[in-house]
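Shown below, as structure tokens, is a lone chain in the form predicted on its own; questions about how it binds or moves come after it.
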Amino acid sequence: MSQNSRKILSEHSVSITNPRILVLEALLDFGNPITIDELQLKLGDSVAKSTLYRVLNDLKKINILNEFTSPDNSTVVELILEDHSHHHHLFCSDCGEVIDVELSEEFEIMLTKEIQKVQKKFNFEITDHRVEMFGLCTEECANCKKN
């Protein structure tokens, strides 16, 4: 997987460093949104916390990392590579699971029209939007079964 990380950094004209490779590999490995605390735990002692934050900022600057806040105010990050489409999130208030969900094209078109109205009304440029849904996982959830 190291080659994949190197390729991503190279394609975005970012210097290839060991911490960047380790963080990218962990994010690619996980494949889903992950809190910074979970990411730090996954990386262990291989990347210092201050270095992790620097690397995450670097990845945000080159627009391959999305950062948002969970309902419990944890910072959650996820890679946004070319093969990932625009999506939203489901949050389980029981186990903390964050699930990616794509909404219908019709809904996204309607939402885009509403966003354009809001921009015009408030003379405000909206650069991104999110729809976050909160609830509980089903009985099938492996995380909820652990509790």
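Definition used throughout: the rigid core is the maximal C-alpha set that superposes within 1.5 Å between two forms. Because the structure is predicted, anything quoted here is derived from the model rather than measured. In case it trips you up, residue 1 is the first one in the sequence shown, and so on.
Below: the form predicted in complex with a further copy of the same chain, not depicted.
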Q. Would residue 43 count as a contact of a further copy of the same chain in the predicted complex, using a 4.5 angstroms cut-off between non-hydrogen atoms?
A. no
Q.
Under a 4.5 Å heavy atom criterion, is residue 52 part of the interface with a further copy of the same chain in the predicted complex?
A. no
Q: With heavy atoms only and a cut-off of 4.5 Å, decide whether residue 132 touches a further copy of the same chain in the predicted complex.
A: yes
Q. Taking heavy atoms and a 4.5 Å cut-off, does residue 14 contact a further copy of the same chain in the predicted complex?
A. no
Q.
Give me the residue from 111, 81, 36, 48 that has a heavy atom within 4.5 Å of a further copy of the same chain in the predicted complex.
A. 111
Q. What residues in 104 to 122 sit within 4.5 Å of a further copy of the same chain in the predicted complex, counting heavy atoms only?
A. 104, 106, 107, 110, 111, 114, 115, 117, 118, 122
Q. Fitting the rigid core first, would the Cα of residue 123 be found 2 Å or more away between the shown form and the other one?
A. yes
